[in-house]
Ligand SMILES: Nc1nc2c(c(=O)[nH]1)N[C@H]1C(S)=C(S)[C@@H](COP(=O)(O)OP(=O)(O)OC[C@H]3O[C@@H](n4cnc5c(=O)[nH]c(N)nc54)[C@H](O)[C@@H]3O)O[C@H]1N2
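What follows is a single chain, given as structure tokens, in the form predicted on its own.
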């Protein structure tokens, strides 16, 4: 890249706020892009936090900059509501620790500002040298579920098809890999069947491992709009905020969920409360019925911590003929060493009772990150972009033709999963990592291992909004990225609804959108011509939209961003030629699934023991989860808001049952140490009868928590088991 070309881009970047910061024909072959953002008073954007996918109305000054926001009243997701994070969504953009220039570690080990030209030259020179010395499997990227899917797709295609590397995964592996795998195996495609309207159409709502009041408060409001007087059942070891306002709290033992679900199915089949038509549209029923003989309520009572009477009553409630039953799960199921089979046990219950494909029903995963559904379809990590399969020759040919790239540039073998990438870095197989919009040095399970892993890497690149994250602080090269509100693109929420986000602020200093950074890298690497059509996010949208033709996620009927805005977002599938556009659409209404036979698959296997049970030395089970509705992940963004910080304790705290506290001679507020076999942390004791005896709870947002968690993984999804490990606790020595 010539210095004059780069200087023109950076000059444009610091000029007037425009759609994608490029105005001159010829730059990267991008062509002229007309400005879409004008100072008209307001615009809209999908919130950049959780995957509820609320739309916000952004109020603009005369320069088109957002100065305030409010919830959008008519949007079919949030219906004029927003949680505390949504109301404060602009605050993180003004943080003093924004990354405003590339940073390069010098010979003394200090990160020093450098130019984009130097950063790009260092990036390409170092990674090409590693590839030359160690091969195409020696470099990997770790990306995110929190950037638009146009950027995700460009990253995945650039890395694999342009730069010629193989391994890359996203932090959706920590969030939704279990649901993805469960749906793929059971339905033939990653296809969450529900629509949010089902919260308002159910007679029975079962929330398992899901604390909607804190994690998805707008969805809880949708539950509260239900006029059918539903029974609301929460299955969770803790008496969470949601459990406390539910009709019934099923306080099972940690990870007793899979035996419980099998026992429910046992009772339902034994008593004949089944839907024969739905069973006829499924495979594996006879084998499942035989398997369940060993899972009577009496057989699983000890594993679940429930009585036979409780299990029998719950089985009747979730299978009562004529009642609409919907099941909803989040991280309490997903983040488990046997999460896939647990999710499939929920799916099986819906299949045998006919609670799928109809209003108020479904086996429904609630996604964690704002664009995890977009990552699942377009990040080019576990799936070939557009909902395709790397191992399928016809799929590779279709993608090569659609993108105009050589067929041989698309690998046929899959990438390593996130944990396998890190393990390969520990063993020296992977020499360099490129981390984009995520913070694994805080968020990854057993995070203390990453410090040792870092020492084995020859080169670490971190691309982020902030130079202060734990990951950025140990990088060799830090690339400053724009954040939500500073770029265009699309998110896909938990109900498969595609919505737009828009530029409403100028990124600070020399920070660029991830899309623009990837284009700069493509040009510097020498493969820019392969991405000549990726001129701006909406052009990328149209490219990858067209790849979805004839796939279950077909969205070829969506013309452009304006159509998405006009119709309040659009749920996939929406193929070309679709008649009408209902705001709410669920899957499998016709009883046909995406498998070769058109039938759903009933899948199961015996429950596995806890990877790390309690013992005399480590007598407590540690549970982790959301702390408050104002906290988000590693607090990289929510921690920048003065208002949000006032809504949760600054210091780490540990919830413990009062009886356990008395046994340890603890009073509320005492400083304590919690120790696992992997690390120790300090916090204050919070006496909470909402935690069962023998259990502790710590919010996941504090950086020390993942020094304790156990590095075990679901064998099907490779998702980490964040939710249960063995620890001990004592008053901190004075």
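Residue numbers count along the first chain shown, from 1. Fair warning: this is a prediction, and the values are worked out from it, not measured in the lab.
There is also a form predicted in complex with this ligand; it is not shown, and the following applies to it.
- Not one of 123, 168 and 375 comes within 4.5 Å of this ligand in the predicted bound form, counting any heavy atom.
- At the 4.5 Å threshold, heavy atoms of residue 343 stay clear of this ligand in the predicted bound form, well away from it.
- Though the partner is left out of this view, residue 489 does not reach within 4.5 Å of this ligand in the predicted bound form, counting heavy atoms only.
- The closest non-hydrogen atom of residue 465 lies within 4.5 Å of this ligand in the predicted bound form.
- For the chain shown alone, residue 495 is not a contact residue for this ligand in the predicted bound form, no non-hydrogen atom being within 4.5 angstroms.
- The listed set 700, 60, 681, 687 contains one residue whose heavy atoms approach this ligand in the predicted bound form to within 4.5 Å, identified as 700.
- Listed residues 516, 431, 160, 216 were compared with this ligand in the predicted bound form; 216 is the one with a heavy atom within 4.5 Å.
- Here the chain stands alone, but in the predicted bound form its contact with this ligand, taken as any heavy atom within 4.5 Å, falls in 253 to 261 among 253 to 261, 105 to 113, 179 to 187, 352 to 360.
- Taking this ligand as positioned in the predicted bound form, the residues of 202 to 225 that bring a heavy atom within 4.5 Å of it are, in sequence order, 208, 209, 210, 211, 214, 215, 216.
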